[in-house]
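Only one chain is shown below, in structure tokens, and it's the form predicted alone.
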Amino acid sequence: MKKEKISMDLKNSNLKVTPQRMAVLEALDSLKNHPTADKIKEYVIKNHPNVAVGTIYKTLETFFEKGLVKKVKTEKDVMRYDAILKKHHHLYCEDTEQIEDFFDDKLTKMLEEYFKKREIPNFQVKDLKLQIIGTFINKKSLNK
């Protein structure tokens, strides 16, 4: 993610472009693979030592509230962050806790159509994300 795009994302979300916010978005882009808040904190402090730890956590929550990142919860209840906003699903490896993005427009459309026709009593569906749990056979990332 280039600095210009990061700046535009912030401005489009009605957020000021600050060095701290830029540092957190840089961390999200550099770390890939759905980092935890702690991993993001480690990256930011290493590369931008003047950013306060509390600011990092507040910034992540602000980004979530503004729709700049999504939260992904693992099977072990660890919260991870995803900066890819295009509709997609996740493959979660039980052995390595690795999360890979899984893009399948046909699957997404099928799920959306199903829930348009099938209402759940007393519940309004706002978003659909499928997390597919299993094990990567060759332990390598699908995106590499």
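Heads up: residue numbers just count along the shown sequence, starting at 1. No experiment lies behind these values; they were computed from the predicted model shown.
The following text describes the form predicted in complex with the DNA, which does not appear among the structures shown.
Every member of the trio A37, N50 and T55 reaches the DNA in the predicted bound form with some non-hydrogen atom inside 4.5 Å.
From the list 111-119, 71-79, 95-103, 27-35, the contact stretch for the DNA in the predicted bound form under a 4.5 Å heavy atom rule is 71-79. Within this chain, Q131 is remote from the site of the DNA in the predicted bound form, having no heavy atom within 4.5 Å. In the predicted bound form, no heavy atom of K126 sits within 4.5 Å of the DNA.
At the 4.5 Å threshold, heavy atoms of T18 reach the DNA in the predicted bound form.
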